[in-house]
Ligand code: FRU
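Single chain ahead, by itself, as structure tokens, in the form predicted alone.
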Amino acid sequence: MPLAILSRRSWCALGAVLLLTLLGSGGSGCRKSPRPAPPSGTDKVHTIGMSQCNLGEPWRVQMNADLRAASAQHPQLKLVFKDAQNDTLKQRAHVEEFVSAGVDLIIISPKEAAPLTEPVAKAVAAGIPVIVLDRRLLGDKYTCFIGADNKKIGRAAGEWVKRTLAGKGKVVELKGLMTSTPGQDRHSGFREGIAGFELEVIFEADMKWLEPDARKEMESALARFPKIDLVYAHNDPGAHGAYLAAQAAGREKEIRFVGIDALPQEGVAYVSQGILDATFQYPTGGTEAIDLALKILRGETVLKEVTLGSRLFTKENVATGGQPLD
């Protein structure tokens, strides 16, 4: 149709199209929106690989929760969690996978010391910092270790038992995994704490940190020994499993139960309920691990060893937050 005979409505439509074309092409009178600036070096997202030896223990579930909560405060951190499901070979593979993926830092809570020492050393040699959390490795080929003093806690437990039983009695010891350093230290520290008195360990077994195993072992102890004065378990699930076995046998009121970990919803709650007589705190170290990871990623120097504190919870002090260990 010739331009001369376009209707007024057509002229208006044509004008609108021309105006939109000018605006879309950045014509006179329009300003382009600035492009977002590229992220600076400080805004780089750092990937942290976390290998947890298992999630069958409530304490380890809490450790992961603490790591997540702490890292959530720092958007420049991305955590990748892996669960080894109590399989050392699987955990070795985790470390190797993290190295191959080129993560910026590794956090590992190892199942066992000896088998995980080599892959961690190789990660460090490849230039990836490694924070070892809770359980130690052999040697010092890691960036930082974070954990409480298990031997000190075991010794404090022994001394508490000695005072509570007036230096005399029959004791059952339900041990954590004895190929792990916490199990070894909680055992040796406890034996030091009760040494020189008439405290007899009449039954001991490795319950591998697991409540069902502890209950089964306690059933064996109850069947063999008509008199048991106290159960010392290397963690609170172990002490609770022993309590349930004694309760099923109708003997829970004649036995004292002591554990380690003191999670608010677990060991501390058991003390409040009168199930456990005492529990010793073993912090997860999740918050501290994230704090140290940030320092390492910023190129700051950190301590090789970070020792966390502990507290004793009994029915006398549980309402006031427990008592710090000396």
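From a predicted model like this one, the values you see are computed outputs, not experimental measurements. We number the residues from 1 along the sequence you see.
The next section is about a form of this same protein that is not shown, the form predicted in complex with beta-D-fructofuranose (FRU).
*Asks:* Of 52-60, 65-73, 297-305, 271-279, which is the one stretch near beta-D-fructofuranose (FRU) in the predicted bound form, taking non-hydrogen atoms within 4.5 angstroms as near?
*Replies:* Every other range fails; the passing one is 52-60.
*Asks:* Within 4.5 Å of beta-D-fructofuranose (FRU) in the predicted bound form, heavy atoms considered, which of P119, G154, G147, P182?
*Replies:* That would be P182.
*Asks:* Quick one: from H187, R135, R215, H94, grab the residue that has a heavy atom within 4.5 Å of beta-D-fructofuranose (FRU) in the predicted bound form.
*Replies:* If I apply the 4.5 Å criterion carefully, the residue I get is R135.
*Asks:* Does beta-D-fructofuranose (FRU) come within 4.5 Å of any heavy atom of Y232 in the predicted bound form?
*Replies:* Residue-level check for Y232: no, no contact with beta-D-fructofuranose (FRU).
*Asks:* Is there any non-hydrogen atom of W209 lying within 4.5 Å of beta-D-fructofuranose (FRU) in the predicted bound form?
*Replies:* Flag for W209 set to yes.
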